[in-house]
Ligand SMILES: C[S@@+](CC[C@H](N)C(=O)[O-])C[C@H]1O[C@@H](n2cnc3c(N)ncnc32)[C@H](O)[C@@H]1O
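The chain that follows stands alone, in the form predicted alone, written as structure tokens.
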């Protein structure tokens, strides 16, 4: 009971700080703490926020890139406008949404991709973890070809089966890859953020991350046939506030 009280008090503290600072969700402080530690977003950057609802991360990104930067957010759920950001509604894997994003980019490369998405939770840990990791791999597949050399990529993951395999497949694309747990994350949460810095597209594998991830995970599971392609839960975001 004491630990539960401490955790609830801690979460309420972040909510109060978010409200006082004008942020839409306590999760904004996760990106702020990542930024304070790694300084990934810079003035003038083009930033893509995948799974942007309710807009807290977009708010932080706008602050960091300034008036000369561009922040584009994508989410299945419509997000209330964020001053200084362009928000798109739809599935980031949908060709129509991708075409719309390319129109907005107008030939510019993305300097930073940030993603705080997670799938709807079914309650079956194995299924939830499989879908969550596959979701992350798909975001890499979409984002890497559009990420500038030297760019950064931040994404939420959940500790469990498949994490090591995915990290191994992502490493060839960046010079620095590490895990980080912001203070604003729950003590009881298994979430962790993968911080990927200095995108090095030269010499990186051409095969999509998702294909390599599925192959390496299958090898780990002794060749069992697995299906890591999200179906009805594709890019449907589970809100955590």
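Bear in mind the structure is a predicted one, so any value in this text is a computation, not a measurement. Numbering follows the first chain given and starts at 1.
We do not show the form predicted together with the ligand, though everything after this point is about it.
J.: Is there a non-hydrogen atom of residue 75 within 4.5 angstroms of a non-hydrogen atom of the ligand in the model of the complex?
T.: Yes, residue 75 is a contact residue.
J.: Considering non-hydrogen atoms and a 4.5 Å limit, does the ligand approach residue 129 in the model of the complex?
T.: Close contact is absent here: in the model of the complex, residue 129 is far from the ligand, nothing within 4.5 Å, heavy atoms only.
J.: Is residue 162 close to the ligand in the model of the complex, meaning a heavy atom pair under 4.5 Å apart or at it?
T.: Because no heavy atom of residue 162 falls inside 4.5 Å of the ligand in the model of the complex, the answer is no.
J.: Though only this chain appears here, would residue 90 touch the ligand in the model of the complex if you measure heavy atom gaps against 4.5 Å?
T.: Contact check for residue 90: yes, within 4.5 Å of the ligand in the model of the complex.
J.: Can you pick out, from 154, 135, 71, 147, the residue that has a heavy atom within 4.5 Å of the ligand in the model of the complex?
T.: Of 154, 135, 71, 147, the residue with a heavy atom within 4.5 Å of the ligand in the model of the complex is 135.
J.: Let me test this: is every residue among 51, 54 and 57 within 4.5 Å of the ligand in the model of the complex, going by heavy atom positions?
T.: Per the other structure, all of 51, 54 and 57 touch the ligand.
J.: Of the listed stretches (105-113, 165-173, 90-98, 121-129), which one has a non-hydrogen atom within 4.5 Å of the ligand in the model of the complex?
T.: Of the options given, it is 90-98.
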